[in-house]
Ligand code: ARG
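Below you'll find only one chain, the form predicted on its own, shown as structure tokens.
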Amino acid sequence: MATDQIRSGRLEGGRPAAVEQYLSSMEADKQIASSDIRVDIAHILMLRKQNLIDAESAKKLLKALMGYLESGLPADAFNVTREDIHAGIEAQLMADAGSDAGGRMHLGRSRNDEVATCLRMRTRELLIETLSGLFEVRQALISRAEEHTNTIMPGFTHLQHAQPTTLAHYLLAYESLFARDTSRLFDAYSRVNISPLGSAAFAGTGFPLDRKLTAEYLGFTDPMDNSMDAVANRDFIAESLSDLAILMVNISRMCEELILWSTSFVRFVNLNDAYCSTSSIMPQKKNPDTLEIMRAKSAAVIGELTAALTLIKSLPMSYNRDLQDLNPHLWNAFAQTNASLPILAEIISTAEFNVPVMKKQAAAGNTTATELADFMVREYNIPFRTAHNIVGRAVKLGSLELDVVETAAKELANISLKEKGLTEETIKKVLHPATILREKKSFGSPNPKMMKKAVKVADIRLVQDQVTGDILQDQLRDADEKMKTAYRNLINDSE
């Protein structure tokens, strides 16, 4: 059994294997192993700068840590007897650099602030990955919208035919949803990207640590300003999970519609075969299985958020071991979301939209009725509610032909629309979906000319977000290079 360097002073004896396994977070800690090595490097560089560790010990530790970073941690660092990766790395350093040097690394630091820092670092990386996937989805939606600014289709409310719109209008509606998801993730990133390191167990330390320096080495904007909050809070995880859950709900809504659209009784879209399956018994079947699985993933992410909030809700300040079980929920939510995004982008990019069927359905179910009521208001100065009732009664009577509309007008308002100049030819022109769309003048409507401008606006917004994402990645790379430069300088000065 491996010796536990943390327990040996206060506690005696080992643990039963079942307890070791029960308490261990090693499987989930694989997500933060690389971050932990970087945290150790930044901490030792700072300790040396503050003259809190001798040059020779710092050199031994840093060389070993850089070896782990470049070649991977030895398997023994993940031994479950260590409880977590932080103790595992410390034990490995004691073995590789000597117990005297290895025992100096933890000066002024607790596993509490260490794990909080590692979690934030890994969450940053995963947020950037999510943003990258979102950019792919948004680009696919914008590209397809650009192809279909004039493609007429029915819009729906309550799953009933409502009014004519365009496919571009529909696609850009989802792009707007995903653009807000992007904004939420950027906001979350700003609150994730602050450093708990140096807060120790929760009450800080008497050693003169330079918390701003370690924050700079690790790419954080600033150190957190309350050491108890720094180690105890996990609202950054709750916020990230909330954003992922909202994003996956938005994805699930689109999956639902594409599944419905692909059915033989709607036939709005033909999904690429690569994202479909067939039946083991019914040879004619083409099932949208990938979208169905993606729709199910949203439930999993919602579940991870619910579990996280329930876990956090009753925890007192400051650190409690319950928080260890929070991390797998975060990793799983990111895994499900980040796996879904690029696949959704491909499904959108390869989908074949059935333009003739969409056009035919655009006028079904009296979708053009609203425009006839609006026409009466514009041309004959009839109150909208009166016009609304006239058209509604005509629909109930069976059609929007002139004689039926005239009957409804006389019955409900005691007026003659024929005398006002309404003709059958006028009604047909008013009720044509293309005419209706051209008449749309309000900002954000599906007017094809407006849609062409909206595509350009969406594309510019996406490019701006992509640049912001690139800047975040550059900041992390620059910080990492700054830390490695400090490492090289220290090693060279020591030789």
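This is a predicted model, so every value here is computed, not measured. Residue indices: 1-based, along the sequence shown.
What comes next is about the form predicted together with this ligand, which is not displayed.
Enquirer: Quick check on this chain: which one of E216, D181, E146, D84 has a heavy atom within 4.5 Å of this ligand in the model of the complex?
Expert: Of the listed residues, the single hit is D84.
Enquirer: Using heavy atoms only and a 4.5 Å cut-off, determine which of N79, S262, T151, N112 is in contact with this ligand in the model of the complex.
Expert: Going through each option in turn, the one that passes is N112.
Enquirer: Find out whether any non-hydrogen atom of R321 is located within 4.5 angstroms of this ligand in the model of the complex, and reply yes or no.
Expert: Flag for R321 set to yes.
Enquirer: Does at least one non-hydrogen atom of N327 fall within 4.5 angstroms of this ligand in the model of the complex?
Expert: N327: contacts this ligand in the model of the complex.
Enquirer: Just one of 364 to 372, 272 to 280, 313 to 321, 290 to 298 has heavy atoms within 4.5 Å of this ligand in the model of the complex; which?
Expert: That would be stretch 313 to 321.
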